[in-house]
Structure formats: structure tokens, C-alpha cells
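Following this are structure 1 and structure 2, which are two forms of one protein chain, each written alone as C-alpha cells.
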Structure 1
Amino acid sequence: MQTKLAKLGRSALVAFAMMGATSVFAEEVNLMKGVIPREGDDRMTTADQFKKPGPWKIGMSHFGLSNTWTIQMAHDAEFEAKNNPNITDFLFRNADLNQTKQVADIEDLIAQGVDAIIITPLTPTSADAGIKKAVAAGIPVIVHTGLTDTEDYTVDIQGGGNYFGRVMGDFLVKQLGGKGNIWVLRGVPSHPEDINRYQGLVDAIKGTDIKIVSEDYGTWEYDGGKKLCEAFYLSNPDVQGIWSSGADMARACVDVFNQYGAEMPPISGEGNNGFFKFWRDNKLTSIAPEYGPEQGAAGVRAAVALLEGKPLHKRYVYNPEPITAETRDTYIREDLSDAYWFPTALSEEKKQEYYGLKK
């Protein structure tokens, strides 16, 4: 099905999305600023395909509340659901980084008779069987924050992991002049987002003289990142750049270099309040690809749109421009904790409740 949007071209789509435009034709849905239909894929649901009168029961299978970002993404989803009067039940399931539990969680949500299911897969295959079973039962499935091996889902909303990793890799290539040693701090083993971000780095440094001298998984956590950076530094401190797949790990690396009184090399970051303060206060050379926890809210919005009978594209992409030193300070919130991420759908009241320093 060819839509007016599909005919516009990528640059126009990006412009509309970055302006927060809700529509260039009647049924277009604004899922999240910066989210646009994936270029080259015109598949869509049909109008009224999943339309159902409220009240609705919506389920969410989350791969695991393993760090501050995943917790806020869950908060964003819950906040969006709570503020929709047609959603009377929001059944949240935490797989706790356990593939077997995610399988069981999805089975449970299907058994509970939910009207739609939102899934953030732990691995490319952990949710496949559940997705197929839900869709076969007529339940629309929205996937985000992790790719799947199956395309049986109803709607897919993905922050481009490859793009994210490549932005950071291109930054290091430029800073290092195409040569030098780098450390690589990866996320959760086998997680689709980690795999894709890493591939973006590989693509960026291909053909250069940049060498990965130390690489391991820090599970996107501060403690995990600190252990890695301490081990890397003690093993081989000759490093000219650091590619970190997450802001908490990057912040931990800064602490390690400060601890040893060493000069901090260029390091990639992410849209996190704590990291941005570190970036500013330590005069770091950095860049921050955007990967907002508002994706949790976008998943709920997609579920609502389907249940309202609105057509959606099968695949959406979220590749916003990275945040640079020139724009960094406009995001910093001195009144909120280091655990706060952006962009977010949370109200100011909720931001203060979860992250306010004056409690």
C-alpha cells in the first residue's frame, strides 16, 4: 500500500518527524518525535484491522530492568498507559534478562486475554514463538528496543542500533585521524541492540588503522563499566579512544581515568543526565547518539492506535541526529539525578518523583 508519506522521500520524512508533525495524511500517527516509517518498506496494517472498543487490557514483556535506562523506559510505558482512560489494565512482566522467563511471560499475557502485547526482546529469538502465537490468536504485537528473527509481529519500532554504533565509530575515526588503539565496552551479550551497535562500529572503522585492543561486556551498567575500564587500564593503558555502548559505562570510565590521574581520551556517550554533567565538568571530547526511553511510551501509543482502528506502518525507524557539545547543555537538568535519561514522555511531576534531588 503506497501512502503519501512513502512518496515523500527520507529527508522530508525526517523533517516532519523532527518537527513532531502528526500527519501529512489523515491517519498518520505520531508515535514519537524522530520516529519515521522505514524507507523502502510500505507494508501497513489496514484501517479497523484491530479496532476494538475499550476498555483495553494491554500487556508488556520487558527483557529486564537491568540498568537505569531500562527502568526509565518501563516508567515511560507505564506513564503513557496510566494516562489513557481506555487502558484499564497494564500488565507489566519483567523477564530479568532470562530468556526462559520471557517465553513464559508472553505465554502468560496471551492467557490473560490482553488486547495487545508490547515486547522488548532479550535476544533475536527469545520472543519469536510468543509473537507467532499471539498474532495467530488475533492479538496485535508491537516490538521495540530489540530486533527479532521473525517478522510475524504487527508493528516494529526500532532505534537503529547500527546507526547508533556507527555515529560513535565515525566520531572516533575523525578524532583519531583514522589510526590508534580503542577500547570497546559492549552491552548485554546476545542482545539485539548490542549486536547492532557493535556492527555499526565495525562498519565505521573498516578500512582504517584503528585497532580494538580491549573489548568486553559491561551490561550497560556503571559497575560493569567500571570493572571493565579498570581491567583494561591495568592491562594496557595505551588507548587513544573509547567506544562505549552506554552512558553509565562511559561515566564509569571517566571515573577510572580520574582515579589514576590519567588524561581522558575521546569517549562516546549517550543521552543521560549524569553523563552529560561529566562531559561538561570534565571537559570531555564526546558525542551522544540519542536513544530515548520514550520508546516505551511509543510502544503503548502504537498499541492504542491499532485498537482505535488506525493503520500503522509495519516498520518504523528512530535515527535522530546525535547530541554534540554545542547542544549538550540544553538537556542537562541540575535538579534531577544522574539516573535521568532523555528524551522522555514523563511529566514534570513524574520526573521529580523518580529523579528529583529535592525529596
Structure 2
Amino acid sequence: MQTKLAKLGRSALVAFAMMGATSVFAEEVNLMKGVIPREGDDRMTTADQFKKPGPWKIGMSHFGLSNTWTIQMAHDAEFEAKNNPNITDFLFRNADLNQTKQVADIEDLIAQGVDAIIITPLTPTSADAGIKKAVAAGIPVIVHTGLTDTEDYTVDIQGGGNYFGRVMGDFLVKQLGGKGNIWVLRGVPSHPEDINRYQGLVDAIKGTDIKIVSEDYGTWEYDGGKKLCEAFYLSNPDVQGIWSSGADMARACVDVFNQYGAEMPPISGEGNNGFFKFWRDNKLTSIAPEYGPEQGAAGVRAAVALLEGKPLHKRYVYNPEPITAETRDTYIREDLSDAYWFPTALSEEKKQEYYGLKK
């Protein structure tokens, strides 16, 4: 009888534990469409580990407001924070592409006693010391839009640069039938995102007869891309495909081909309103991996979830399906400027305020 009771008790305990586990998964926090737990990594924060009654003071160390994408990502984060009544202070710090300033910004946020810190690292090491200090001070740290060398952070959300580059590389392999010459327009030297995207391309063309005949850094800017394509066109005009690490460089390259009256080969792009209009109007053969500024909002959502006591996975990935010629037009906004990126968490009112085209 006692054995039966013990068995019954154990069964009840297992059932209870399973129900508990199920309820954890049922409460899976939706950080952003396309953001999912990283496969093979089941580390999680525990429920109530960082729970704190509001109001909260949340800090964000941004690597630098250097282009339209980084600015919109900051807007997304700010918008998400302002719309949460429990966040009374959102302390935004701009490192201005300066590693030492990022270290200082994080130190200052810790000194200000924030309840959570969101960090977008400039380089894989620029935030490591700050992350360790924050975690040692008991502050949860959310990292996104940039890699770190340390794993001391609380939650990490990463759009895979390698995946991004590979999607574009696979597209060219398919378009070229596995054979031909390509140009490669890279971003910023030594920038981890550039390195990872490039590695994705290398992986995609490995074992094919695709040859990189020209390659250089255009710093993800229109001007840089234009200079490169002008030089490449004069030195290696026999090109069947162009792999561009950023939308503005791709637009510049199309302009160069138009300037020379040459036929535009397939070229990779990015989820940007200006590029999409350009893609459509110039009848380009292209593809756009998605890398949305909504990641800024996702970081705030993760901070809020932790402070509400919800368990989160330690690592998330953001590898959404690319945008193709078939789906492109559903994204285009004629009423918004070329500087608008998608997807975003901004409300329609904010979209119009920041990017609306005055009639």
C-alpha cells in the first residue's frame, strides 16, 4: 500500500513538474517576429531571477548613431520604452563609434543604478568589461546587434551575420548557375558584422566556380559604394553578379551601371524602403535579407520581461526568411522616405513624424 502511495506521489510530482515546465514554455516571451531561441542552447534565466517592482530605470549603450539604420534602431528602442508605463527613465547613451566611450558609457550607467542595461557592442570586445561589471553588480544585461567575446550577459539576441551573407551568396550561386565573376562590396574593415557576412558568402560559393574578381570596403555608405563600383567597372567590367554587404552600396552600384549604360547583373540588397523602390523601378534581379531596426525594441522587451520575472532563454537568433521580388512590394511605403527600414516597432504616427514625405 505504502509502495503504491509512493508511486502515486512520485507520479503526481512528475506530472506537476511537467505542468510547470509546460507553463514556462506557454509563457514564452515573444521578443520580435523571427527571433527564436538558439538551437542547441537550453540555458535560461529562472523565473523571478531579476524580478523587481516598477518603476524601472533602463539604460542603453548604443555603439553609434552612424547611419539611418542605427538611428531607426535607437528610435525603435526609445519608442518601446516610452510606451511602457513601468519604465520611467530610459537612459540612452551613444558611443559615437568610439570603443572607449562605450566602456565609459556602460560604467556611467552602472553608477546611475539602472535596473537593466541593453548593449549593442561596437566590437566583439568593446563591451566585455562593462558587461562583466554590470553582471557583478546584479544588473541584467541584454546584448543585441553586435557580438561579444564574453558570455557573461544575461540575454543575447543576434541576427546572424553569417546567415545574412549566406542568403545573398546562395542567391548569386543560383542566379549564376554556380559559375561566373562577382564583385564584393564589404562594410567596415574589422567590423564583426562585416566579417561574419563575408564568411557567409565564402561558405555559399565554396565548391562552385564563382570567382571574386574585385573586393574592397565601401563602409556601408552610398559614397563608398559608388567609388568602389566606379573603380571595379574600369578594372574588371566582366562581372556576372554583385554581392553587396549593404543597401546603400548596392544603390550606388546600380547608379554606376546606369551611368555607363551597362546592363545590371544580379545584386544583393537589404530591407530598406529606398532600396526596395530602387529595386522595383530599375527592375533589378535582387534579394534582401531582413535585418530590422525592431531589434532595438526587442532589447527593451527582453529587459522588461526579465524585470517582470519572466524566464528568458540566454541566447536568441534572428534569422528570418529573406524578402524576394515576390514579397517586396508589400513592404514598400511610397509615403515614407528612403531612410525608412523594416520591420519596425514604430507606430504609424511615429513613422510619419520621422520618415513622412511632405506633400
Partner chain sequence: MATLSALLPPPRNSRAGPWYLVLACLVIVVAVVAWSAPLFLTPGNLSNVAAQVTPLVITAIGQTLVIITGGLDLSVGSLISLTTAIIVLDLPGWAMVLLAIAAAVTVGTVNGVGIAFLNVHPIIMTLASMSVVQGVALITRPVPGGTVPGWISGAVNGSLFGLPAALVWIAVAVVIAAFLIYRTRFGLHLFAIGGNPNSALMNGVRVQRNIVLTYILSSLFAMGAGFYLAGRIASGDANVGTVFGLDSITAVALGGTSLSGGVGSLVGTVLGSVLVGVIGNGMNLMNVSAFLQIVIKGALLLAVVSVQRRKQIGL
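FYI, numbering is relative to structure 1, first residue = 1. We call the rigid core whatever largest set of C-alpha positions still superposes within 1.5 Å between the two forms. Note that the coordinates shown come from a computational prediction; the quantities given were computed from them, not determined experimentally.
It is structure 2 that shows the chain in the form predicted together with the partner chain. Superposed on the core, the two forms barely differ at residue 92: its CA moves less than 2 Å between the two structures. Core-superposed comparison between the two structures: the Cα of residue 214 travels 2 Å or more. Residue 233 is among the residues whose C-alpha shifts by 2 Å or more between the two structures once the rigid core is aligned.
Core fit done between the two structures; CA of residue 188 shifted by 2.7 Å.
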